[in-house]
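A single chain comes next, written as structure tokens; it is the form predicted on its own.
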Amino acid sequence: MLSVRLLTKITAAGSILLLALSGCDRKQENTDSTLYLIGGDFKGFDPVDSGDTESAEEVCRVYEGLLEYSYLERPYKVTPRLAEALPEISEDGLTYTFRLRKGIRFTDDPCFPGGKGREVTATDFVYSFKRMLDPRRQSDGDWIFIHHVLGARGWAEKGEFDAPLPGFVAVDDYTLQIKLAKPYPQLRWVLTMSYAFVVPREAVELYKKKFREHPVGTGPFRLKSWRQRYRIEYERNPSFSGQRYPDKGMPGDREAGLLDDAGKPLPIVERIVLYDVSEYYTFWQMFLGGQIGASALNKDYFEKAVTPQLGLSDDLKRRGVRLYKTPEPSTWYIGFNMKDTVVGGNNPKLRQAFACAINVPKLCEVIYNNRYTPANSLIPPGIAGHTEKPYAYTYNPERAKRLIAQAGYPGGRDKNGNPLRLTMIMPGAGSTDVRQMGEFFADHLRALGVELVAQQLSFAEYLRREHDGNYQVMYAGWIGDYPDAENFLNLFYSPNKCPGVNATNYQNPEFDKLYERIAIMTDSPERTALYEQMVDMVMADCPWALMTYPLTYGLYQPWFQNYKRHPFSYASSKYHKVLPH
């Protein structure tokens, strides 16, 4: 997600496109309060399986958790959602007590008697948290609890779902306690993630394997219809709990109109319609024709919209179009499966050769229009622990040739003279951008005598292969789930290996010891110094060949309102507004 959102992973094709399409003839004023979006290539609506940005975004429309982020305030601030207030924390920091808001109801659904949704209780949270830890679910989000919550690991190993789990206690209908085995400073952050959202047991047991297609939540919207690979439609949830648009923001928010709707009931739009469409040319023509309210920027059209000085073109300015540029707290990389007999194990020189063979500045120029910058650390800028230390494996073809020879593949051939052939999975089936990127990587590896085959997969298939560890090399990105470098370092903690978030199956006992140390520390110079030490340790083993840090660009028409990019929250659509146009 999702970290999430969440631990979150994103596709190489770019950002989700937010659209506000006219529901009537373009010559007439559109007063339809409908938000149209492009996306839909996601796994489904099950919170325990929402570790990618597409799935997290859809889950956040229909489900909610105890806590969420303040939409407008910066620095990033956690606020209550289904909890009445932030938790009461015991003196030893090991017990968090939440008081639930009364009157929160699951939406109406046939899973309930008479089809009427019932009130959410603390028992529902205990059930939802245990379900996410259930090894039969193979959730890639179990890391948020499994190493921290009292008794979680023993309960999961025992495999008896209805057995008590001492770390989750429903004191009464409206009081929930989370008990920890050790301090967990990140608990508030992770409880904002879609993994920790509440679901009703009745729906899980009625719909069984089809539960991911039948969301039953408390969120601002409910699913009206879903034609997979084509169209999803949401409608306002009539039983939504009466949340209102925020009245607090940052300097400049009021001037930008972001507080004009302060105090108004949420959600603001009546409907959301999401289309699963991949052809960018169509989006661009619709945007120029005034039919589309917002769009990300494909690299082939970037120069049509953005000047060499990275400002908005005069033509789009005249139309009233707005440009936003937002740094993403994310790192893109090429990952190596450390269990693979060729690229994995104790042969870092092959992985280092791969890294040195890629001209990342050229990648930023020809593939990303210089929207991205070369990465130098696992931890992206803006997160404590990031340093400006030069990357250890910058583009150097001669060094790459020496390293691959030292790895046992001189000239890219094994001891029998056979050429080295590697396979890399990439998300984005049918995407021209992804195909060009795969060709870019293959061309650079060919200079070493290595044959690289890039497989373009649908996002769902890519995530399945990554989840199962069924790949050799992968192109991937990690968006921070919360503003703490620990969230990036847990990707290398060996207990999190596949099907967990340690998708490269990296194992280093010394790293694990340091991770277990920093995981219970609060922010301090000592912890930041340990972060830097851990980064150096991973860089030497090179399970990742670092690629880029992204800067996200998007275009918005004047009638698409209340948009403020939040890198850690995916529950923003309830704040958006479509003006008559």
Partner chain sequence: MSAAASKPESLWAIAWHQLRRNRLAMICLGILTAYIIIWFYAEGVFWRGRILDKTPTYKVAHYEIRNLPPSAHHWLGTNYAGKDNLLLVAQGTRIAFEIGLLTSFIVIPLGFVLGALAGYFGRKTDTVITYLFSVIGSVPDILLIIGIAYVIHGVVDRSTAMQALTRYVDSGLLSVCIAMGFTGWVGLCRLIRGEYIKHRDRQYVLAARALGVGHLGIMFRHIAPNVLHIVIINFSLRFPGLILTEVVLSFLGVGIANEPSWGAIINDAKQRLWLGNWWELAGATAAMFFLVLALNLFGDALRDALDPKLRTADTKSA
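Small disclaimer: the values here were computed from a predicted structure and weren't measured. Rigid core here is just the name for the largest C-alpha set that superposes within 1.5 Å across the two forms. Numbering follows the first chain given and starts at 1.
The form predicted together with the partner chain is left out here; the points below concern that form.
With the partner omitted from this view, the residue of Ser494, Thr394, Gln186, Thr432 that lies near the partner chain in the model of the complex is Thr432 [heavy atom within 4.5 Å]. For the candidate set Lys102, Lys362, Lys317, Arg254, a heavy atom within 4.5 Å of the partner chain in the model of the complex is found for exactly one residue, namely Lys362. In short, of 237-245, 378-386, 503-511, 419-427 it is 419-427 that has heavy atoms within 4.5 Å of the partner chain in the model of the complex. Although the partner is absent here, Phe440 is a contact residue: one of its heavy atoms lies within 4.5 angstroms of the partner chain in the model of the complex. Of the heavy atoms in Arg222, none are within 4.5 Å of the partner chain in the model of the complex. Contact annotation for Val342: none of its heavy atoms lies within 4.5 Å of the partner chain in the model of the complex. At least one heavy atom of Arg413 is located within 4.5 Å of the partner chain in the model of the complex.
At a distance of at most 4.5 angstroms from the partner chain in the model of the complex, none of the three residues Thr95, Phe129 and Leu150 contributes a non-hydrogen atom.
Taking a 4.5 Å heavy atom cutoff to the partner chain in the model of the complex, the contacting residues in 425-464 are Ala429, Gly430, Thr432, Asp433, Arg435, Gln436, Glu439, Phe440, Asp443, His444, Arg446, Glu451, Val453, Ala454, Gln455, Leu457, Glu461, Arg464. Annotation for Ser431: C-alpha shift of 2 angstroms or more between the shown form and the other one, rigid core superposed. Fitting the two forms on the rigid core leaves the C-alpha of His214 displaced by under 2 angstroms between the shown form and the other one.
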